[in-house]
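Next up is one chain by itself, shown in structure tokens, the form predicted alone.
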């Protein structure tokens, strides 16, 4: 649950809560009859999660105002697992402001050597994969190294100082649900905001926040296989093969476990992302989600601690509104997930193809030719089960779990021939004997870099834009400004079109409906460095949003995947969440007020601040 409150960078929470309780309650009451039943299920889930939680006296307190005896009491409650948090690079700085820790040359050497190593970073609390979330971006309060050359002394020698930035002040190293309940109780009693951090992958900064207490979930890495799983509360359900995993389980661990047990559990691209955290609660896509659905489509049960401290089991048979809300309503919105249970499929053979064309990295004309061609083929390919990743500046990775190698090769041959003849491309073709092997050979080597400030913008592109040659050409022209202006553009062919068309029941999820009628999930990403100025960073965000605005206008009916959305996504309430009748009050006020989230500003509030409003920057740790 994201309970973020930048104390020195935000408005008064008392003002936010009192005004929200008045204006939002009135608006919600007046409009309730018009809201779709799907969204009312989210509201009911929020109410359920808030059982016995009072809002009386809610306020955001200062970390410094909490007595040592109060911290000691919390530490005792959680078995000595309360720690003061320091930024990842603290040991490299001789000068630091207001934090524990000290310069340590040996520790610094390890940090420099592993600064962009996601496996090293994931188990260190003060590390965030995208390092802008270690900083207070508006004030440039930070503790960063040079992401291009971590040993560069200009980043960490005086007069450079290490500042806390947006790294929480304290964290609980969570081992069990009681630790989470203790965090909720402490926050309710003291007014200190809570954040939840799993592996540190979060494009929208929901797992960081200055002057806060964090719940660090990385220890919960249990994995079990039940070949006859039945959801709690359902006596007559047929058993099925399912995997239950702790919240801190990473995808690589999940894939290795599945492979060892002769099963398949499709999931995300990065080996260190938590499979049961924000990835899941935002929807969760994979190279196989065209056929097997989003991760939330395959979720069977979830164990979650809600703000009252209760541990609830939610599925299609009990706590159904909470289950619906968690399946797409967003990470850290309705409670803190302890474990999840998902469907397991039999081990499968995957015909895999990779096209690499160097000219696509240097020629916009070649990129346009490539995009024009592949845009004319993707709908037909999707209908027979193809999925994967189209890289406008390098090629593609495709697979199809429904076809044997002979059929798959025959069907994809036209695409291969085009790439070879037009771009002198190379083709890699392997029949992989498991999803793990496909992942290791084709996906893991090309994941997104970490250890640097990183911004992303995205769009779910409707199938309607591929209807005719004319609409395809217009789409390509609209995509090019976003795709050619950044170093990392990707067209994720991961939407669940085949899954939805096959008649699968998708009514139990709360993801944006744009997932169900879109062909591509387009992302455009860029980065900067420790010494990029405030004005330069502002311009980076402006450019991302402005270029994507061209595509937004060309794709009516599209949307955005909330986990990988522009933090300045226009009309984000409708584009990232539920249908167009969804009210800002219901999500941004009603849910947070019901849950008692001690916020001053949240990521959604921040997303409303458009780049053109930077002349009146809000006083918070976000641009």
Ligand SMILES: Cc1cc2nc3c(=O)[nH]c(=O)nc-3n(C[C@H](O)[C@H](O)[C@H](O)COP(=O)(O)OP(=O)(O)OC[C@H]3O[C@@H](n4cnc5c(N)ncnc54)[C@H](O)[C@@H]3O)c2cc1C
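Residue numbers count along the first chain shown, from 1. Note that this is a predicted model, so its numbers are computed, not measured.
Omitted here: the form predicted together with this ligand. The next part is about that form.
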Task: Candidate stretches 474-482, 315-323, 278-286, 368-376 - the one whose heavy atoms come within 4.5 Å of this ligand in the model of the complex - done: 278-286
Open item on the list: For this ligand, considered in the model of the complex: do all three of 247, 561 and 564 come within 4.5 Å of it, counting heavy atoms only?
Closed with: yes
- [ ] Heavy atom within 4.5 Å of this ligand in the model of the complex: which of 523, 163, 166, 199 fits that? Just give me the one.
- [x] 199
Open item on the list: Give me the residue from 393, 545, 190, 130 that has a heavy atom within 4.5 Å of this ligand in the model of the complex.
Closed with: 130
TODO: Please run the contact check for residue 336 against this ligand in the model of the complex: heavy atoms, 4.5 angstroms, yes or no?
DONE: yes
Open item on the list: Against this ligand in the model of the complex, would residue 331 count as a contact residue? Criterion: heavy atoms within 4.5 Å.
Closed with: yes
Open item on the list: Taking any heavy atom pair closer than or equal to 4.5 Å as contact, tell me whether residue 243 reaches this ligand in the model of the complex.
Closed with: no
Task: Distance check, residue 207 to this ligand in the model of the complex, heavy atom within 4.5 Å - done: yes
Open item on the list: Using a 4.5 Å heavy atom cutoff, which residues in 260-274 contact this ligand in the model of the complex? It's fine if the answer is none.
Closed with: 268, 269, 270, 273, 274
